[in-house]
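The form predicted alone is given below as one chain in structure tokens.
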């Protein structure tokens, strides 16, 4: 049943070009494995009226099975990185970012791809997670709502990375509707069948949603629970930069669970517990993520909130 014109989110055109990025981090192998499969067997992701393009974003890192070669590709899609020129030696990932921007962008332009689905693994016990970059993006919120319903009873969390102090220039940010997909826990350089199946299903449901949208289906107003990033928590370290405490066992593998004031957070080698001393309950995620040791990030604090989206329907019909 169609809603009133005023209830339908405006400005959402048909989705014509979609990219699926694997290997943004070269040792996160589920996305690499799926993209390489779809490059040879495109039927599973083919949708009428849409170009769906699987793409290996960081082939040199994939070949070496490392996160990156010179610098993190998933942090350099800002004006500085995309505009860097005439340097003696530009880092490989900067050059690659500029190539990707020329293919799928330019970022912020009307010619940019409609949707980029950027596939990632985490060593943290986050389960299936969708990453949202804009709380006002009704189309993407509706897509996430559709994916969550389709994935049930498998839970699919939503992480909102809108905070200006925490948000970074992601590879997927080229697109009009950027979508990050994190599935874990999975060690770096390893593929697990259960993790792959969750990620595969998310992609299929996302494409199904876009096809139904293009065919004129109206998706009524909806609400979803999200975890909004507040700040990153660093590991305790000494003056030499060495760890002096590690994640407490009560917090380990407890992504998305409430961390209350006074709860154990870190523990030292001599058994001293370092509690959480904040004033409010938070919900940690990326807990003890292996790739974030170099960034000195023990976990990310989030707050739980509800986002609502207007009804969406393809305006070109």
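Numbering follows the first chain given and starts at 1. Please read these numbers as outputs of a predicted model, since none were measured by experiment.
Beyond what is shown, the protein has a form predicted in complex with another copy of the chain; the following relates to that form.
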Determine which one of 190 to 198, 110 to 118, 151 to 159, 130 to 138 lies within 4.5 Å of another copy of the chain in the model of the complex, judging by heavy atom distances; exactly one does. 190 to 198
Interface check vs another copy of the chain in the model of the complex: of 169, 204, 243, 230, the one with a heavy atom inside 4.5 Å is 243
With another copy of the chain left out of view, choose which of 222, 100, 247, 82 has a non-hydrogen atom within 4.5 angstroms of it in the model of the complex. 247
Please run the contact check for residue 40 against another copy of the chain in the model of the complex: heavy atoms, 4.5 angstroms, yes or no? yes
In the model of the complex, does residue 34 come within 4.5 Å of another copy of the chain, counting heavy atoms only? yes
Distance check, residue 270 to another copy of the chain in the model of the complex, heavy atom within 4.5 Å: yes
Is there any non-hydrogen atom of residue 253 lying within 4.5 Å of another copy of the chain in the model of the complex? yes
